[in-house]
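Consider the single chain below, provided in structure tokens and representing the form predicted on its own.
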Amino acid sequence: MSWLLTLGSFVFKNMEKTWRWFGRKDNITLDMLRQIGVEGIVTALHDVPSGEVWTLEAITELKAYIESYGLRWSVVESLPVSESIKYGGANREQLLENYKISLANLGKAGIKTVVYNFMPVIDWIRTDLNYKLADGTSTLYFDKIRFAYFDCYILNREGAAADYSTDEMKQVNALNKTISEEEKAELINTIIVKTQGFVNDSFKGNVLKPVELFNQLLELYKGIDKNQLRANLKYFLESVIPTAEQYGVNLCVHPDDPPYPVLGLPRIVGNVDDIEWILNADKSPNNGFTFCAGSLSSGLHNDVPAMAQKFAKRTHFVHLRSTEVADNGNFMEASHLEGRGHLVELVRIFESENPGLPMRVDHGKLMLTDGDTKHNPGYSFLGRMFALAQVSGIMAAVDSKK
């Protein structure tokens, strides 16, 4: 087995196989995960609104529940950074204080790896959640022209057209003449409601006017450029890293997905320079990186294996997925054995440079009966189980060469 149980602690010689689980309401149960070879759980207190304190009691209760299945709570994904912290709102200090209390409580409970992101307004972006592949499976897909249409014609964002090339705008304008009302509604549902509803408090529940709400959130970032967003991130790190150090918690920022500016918003975790800036903003080893190969590989400017080699020592958690990217910027989730993520090489690098890191497969395909079950987008059961089998084989092959 890839783990040894010693005095109540898990000691991993290879990457720890973890799985993102959305709590007791998840129709994928811990018993199912134990049966397919999962070793650690990646989860959060999903019922606690962003910005509120995670109590020690709530943390320890969920931790005990996970451990009752012979698993461990390996990683928090995510302890959300409230929008007001990102744009520097009036209640930032209170939200930072709450964040520090939550970090301290996680450390007291023995949970030592915490993921967060600093993406304004919107988390990961796709325009199709069920893109059909030749083998009958489906995957997540990003169509740049449809996204530009959403930006220019649905949001009607001021100055949006300037963010796209002349040729792209020709295609957007042509699409505007043919797109149906049903397609427009599906774009709104895909980009805002379905993909943000389970990760972003602003869109949880029955949002009656998602476009109006989305534009209100965009308005909060008026005048916030890349330098200001970086300054706000540095302020966040200076506030919370001392608490992380005190309680032995590793914070690890997640890359932007996709890793470039969108919707007029700055994105500051998308390339080598960005990551270097963040890790230098606070040189504490507790200020680290979530190496998401899928997010990074969806930018043609990124050499993913080279980035893994460069940042392996400051990486605390790894997302193993991959993408295929077309020259026009469209991209889709690839097989975990293919694509720009080069996962075989990544496993070699991380097991050599920083062994024992928790990793999870991510954004599995929809296959077989996955489409009949209500999963969060990108978090199917059979598709991710298949991906876990692929990655487990990669790990075994790499281990056999040591």
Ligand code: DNO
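Not measured: the values here are computed from a predicted model. Start at 1 with the first residue shown and count on from there.
Just so you know, the form predicted in complex with this ligand exists too; it's not on screen, but the next bit is about it.
- Taking the partner from elsewhere, no residue among 16, 313 and 350 has a non-hydrogen atom within 4.5 angstroms of this ligand in the predicted bound form.
- This chain is displayed without this ligand, yet in the predicted bound form the stretch 76 to 84 from 186 to 194, 161 to 169, 229 to 237, 76 to 84 comes within 4.5 Å of it by heavy atoms.
- Proximity to this ligand in the predicted bound form, defined as a heavy atom within 4.5 Å, singles out one entry of 115, 304, 320, 249, which is 115.
- Scanning 214, 124, 289, 150 against this ligand in the predicted bound form with a 4.5 Å heavy atom cut-off leaves one residue, 124.
- In the predicted bound form, this ligand sits within 4.5 Å of a heavy atom of residue 379.
- This ligand in the predicted bound form comes within 4.5 Å of no heavy atom belonging to residue 365.
- None of the heavy atoms of residue 336 is located within 4.5 Å of this ligand in the predicted bound form.
- Interface residue remark: residue 111 is not counted as part of the site for this ligand in the predicted bound form, having no heavy atom within 4.5 Å.
- With contact defined as any non-hydrogen atom lying within 4.5 angstroms of this ligand in the predicted bound form, 254 is the only contacting residue in 228 to 254.
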